[in-house]
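In the form predicted on its own, a lone chain appears below as structure tokens.
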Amino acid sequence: MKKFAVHPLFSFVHKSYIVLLSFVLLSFVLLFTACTPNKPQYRIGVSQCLDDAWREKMNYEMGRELLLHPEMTLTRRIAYGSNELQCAQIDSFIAERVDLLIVSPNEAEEVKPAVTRAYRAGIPVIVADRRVTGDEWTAFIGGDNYRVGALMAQWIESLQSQSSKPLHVLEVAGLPGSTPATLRHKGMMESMAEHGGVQPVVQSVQGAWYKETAYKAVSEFLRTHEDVDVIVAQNDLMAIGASEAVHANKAYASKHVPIMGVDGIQLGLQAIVDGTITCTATYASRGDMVIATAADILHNEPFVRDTVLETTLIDASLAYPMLRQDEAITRDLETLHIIQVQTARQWRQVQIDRIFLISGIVLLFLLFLLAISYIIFAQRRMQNEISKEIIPQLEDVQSAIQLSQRDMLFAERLKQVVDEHLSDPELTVESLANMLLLSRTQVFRRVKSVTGKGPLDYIREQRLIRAEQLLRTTDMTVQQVALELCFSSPGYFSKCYKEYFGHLPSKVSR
């Protein structure tokens, strides 16, 4: 059989084709390897016991922090106050082999076995908000509910010290058996018992953590009890519901009932500013800290195992600047979120462009080189945009937080100085400026910024609030109170009092 000779040019082209095809395939693999993120993907399961406003805030904070950790994804499940459902949900997360579990337990003892099963299965467990007993968990982040109860007792004792008769206190409790409800009640009762002296009379109704439930329970209680002096609710929503129940009861139309809530969420702060409730105790959710701790655990970074968040009392003097701070932070974070979404869209567009460029590589080697150049250029462009847009936004957020903290410190100092000189006829804008070590112009600007009022209006408001306390808690007459608080005449005092409280000043029998 005759053998055909292979032309050298054909052999050269064939070999060149093989080399080119190998180079294209190798470049194709390298390109995908270079453009595919090498960060591992982590699945995090979140088991929430309820779906109330406080937990909505916590979920928002977790979602916000998650934007900084694209390697992590969350799956949330809600137990709606059911221990059995929450344990079943935790077991399903174990079966799915999530990389980390975040649990806010409904009842500590009832949910503890499921948490223990997850921990023993090798899944890191972050217990948030409410503790479980024992030490079979990875990290805890939450407030001290017993301390919250003690703070409630401290506030009640401050009111009791102004009255010679025992105050009748109505406690609006959360879900029966839940850890916060139990510990807050225990902290309040034990702290009041340790105080000694005249002991308030405490009665309780169940609000189950919801505004509507609290409204019904308090309304029913007030129908048969006309002697309630103070209301303490174990969260802000129930405090607002209790306030609405008081205002709807005709027997309490002329009676001022101080109401305290817990959580310090935006609804609670706004209720204080509006005069719906008197004060609240902070109970931080810190979903952002939970996610940051989860990231440290998953990346084998150091982390704090047991974090107890502080709680403080917020009254009318602090609610307004804190509300402004929350609003400012929310606006800045929403802006940052928009920028990140836009960046993600740009990145997805780059990925689409990459696919078309890779398709061109198969046809022409020069297009392959062009695709490589384009991808590198696009990546550098994205890095430049991130450095020019996102980092300055983060710095602006940090600056806004620091500014808001300075406003809070100024608000505290302002209230302290004004309260100490309410009976001083020489309390003027100039004297206030001297005591605050500021110029007259700075005082006008700073006071307006943190209170929403001018200095003289703020001083008059504080004097009217003190006047109402004196009329309610002392034997002083209207004329004596007007003189004590430096009003020019009883008539002018009565006019100002009515404008602020909606009724003329009168002596309240104790």
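Worth saying up front: this structure is predicted, and the values here are computed from it rather than measured. Sequential numbering from 1, following the sequence displayed.
The same protein also has a form predicted in complex with a small molecule, omitted here; what follows describes it.
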Report task. Pick the stretch from 451-459, 464-472, 479-487, 53-61 whose residues have a heavy atom within 4.5 Å of the small molecule in the model of the complex. Result -> 53-61
Query - the small molecule contact in the model of the complex: residue 280, any heavy atom under 4.5 Å - result: no
Query - Contact of residue 129 with the small molecule in the model of the complex (heavy atom, 4.5 Å) - result: yes
Query - in the model of the complex, residue 149 touching the small molecule (heavy atom, 4.5 Å) - result: no
Query raised in the report: Is the gap between residue 263 and the small molecule in the model of the complex 4.5 Å or less for some heavy atom pair?
Result: yes
Report task. Please state whether every one of the three residues 207, 211 and 243 places a non-hydrogen atom within 4.5 angstroms of the small molecule in the model of the complex. Result -> no
